[in-house]
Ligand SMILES: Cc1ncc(COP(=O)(O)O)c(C=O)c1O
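As structure tokens, one chain now follows by itself in the form predicted on its own.
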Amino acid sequence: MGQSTMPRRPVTTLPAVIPLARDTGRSLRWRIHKGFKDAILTGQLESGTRLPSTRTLASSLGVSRSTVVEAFDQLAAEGFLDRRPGSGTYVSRQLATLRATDRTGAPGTNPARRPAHRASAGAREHAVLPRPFTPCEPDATLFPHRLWARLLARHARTPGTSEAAPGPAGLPQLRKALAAHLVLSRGVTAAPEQIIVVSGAQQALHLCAHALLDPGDAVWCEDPGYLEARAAVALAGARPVPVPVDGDGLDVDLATDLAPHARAAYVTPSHQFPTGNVMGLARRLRLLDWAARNGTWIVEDDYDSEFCYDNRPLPALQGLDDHQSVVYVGTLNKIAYRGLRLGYLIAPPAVTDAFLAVADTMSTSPPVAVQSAMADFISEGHLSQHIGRMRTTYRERRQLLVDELHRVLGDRIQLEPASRGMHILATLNAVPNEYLARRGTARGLDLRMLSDYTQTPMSREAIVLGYTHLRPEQIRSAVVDLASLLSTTDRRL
């Protein structure tokens, strides 16, 4: 039997790196996960180090083995650990040259060079009704509207004096509730003072563009990618640079060749839109290293990270950022309903004032009663419960769509692996995809091509299929309509 090439270096003092203090207020699984992650990123646990078995570690820490297994599962999913059947568990080798402590430099911290008064051009998403296969559309019927109405009424009847004018950053109670929620659910680093409440992710992107960029600045943008992000960059007078994505997300090395002096990068690392790829740990650290060394910024759009179906959601890129280079953008509209118009961003401390100055000119704050109601909705635990229900329902709908597509279309369709998000990618064999969108619209289907989201030619074509807003009977009907459309297309060829 051959010998493993991985070094076998058991860490006899390993439990010392795990923060198991009783007063942390966090679960044992979280504390074990956090302790290992910090030890790996700071170099206490070197790349290639073989870890003790979960049974041995559980005994040393005085916790159940299942707790350690869950923490290791999450670390492996995030790319921190490599598991080799019959050999053991090791600190990932890909981290050897990418440690967070090896990064030097700091992001540009001169808010004075940022145009804090530039007005937004006010581009908005088109208000269209969702149809079968519209991507990233929440099911508004799942939202607890009666509860929400009671919360709104509570604050509409008796608005407090402190709520009358929350300022450009938003209501303090909501910012505090969001900070507590995001630290736990997304692993971010956030103080309430860093959070700015906006009407949605699109407005947050315009705010980022006007606060961080000067005219002519180059910005790396994923290709294919979110079209409205490129629009926000262009409307601020900057230059979006399309950078191809691969299985690990935005290609940082290629981006450096295309625009070596870029001022910022826009990414969707937890679930790349629209390909669905997840940015691996090595790529994440490479991107953070670029930002830290060059004094540049990363805008992380975490648009649907709550919906991870096969394992726990990966922590946000911002949580790995030691140099405060990342602006984190999120939305509550995809968790609630599209008409809510409520989002947020987390600004690095060095540019928080610049963001607030721009926000003060853009009328970013949603109605005070809505902010107050959402603060209660989060702090009373309703948001976490609602996300759990949505995740269960969306998982079932995703599986139904996959099953129906395979049952009805057979080998005519190929699906990309989809364990998260609100849409899947489908490649259709021997079909001229350029006809599908137009003919789909006539049949009431929203068929969006992968090429619709690109700025450069692609070697392949696919369809972006949304499903989260469709009930089971609607999914079955939409697949039948798609099959009928394809049959009609075949006859006309």
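None of the values given here were measured: they were computed from a predicted structure. The numbering used is simple: start at 1 and walk along the sequence shown.
There is also a form predicted together with the ligand; it is not shown, and the following applies to it.
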Pick from 289-297, 382-390, 353-361, 199-207: which stretch has non-hydrogen atoms within 4.5 Å of the ligand in the model of the complex? 199-207
Is residue 331 part of the interface with the ligand in the model of the complex - any heavy atom within 4.5 Å? yes
Please tell me whether any heavy atom belonging to residue 90 falls inside 4.5 Å of a heavy atom of the ligand, as the geometry stands in the model of the complex. no
Quick check on residue 309: any heavy atom within 4.5 Å of the ligand in the model of the complex? no
May I ask you to state whether residue 341 is within 4.5 Å of the ligand in the model of the complex, using heavy atom distances? yes
Pick from 303, 377, 143, 80: which residue has any heavy atom within 4.5 angstroms of the ligand in the model of the complex? 303
Since exactly one of 136, 402, 241, 320 fits, which has a heavy atom within 4.5 Å of the ligand in the model of the complex? 136
Taking the ligand in the model of the complex, which residues of 452-475 have any heavy atom within 4.5 Å of it? none
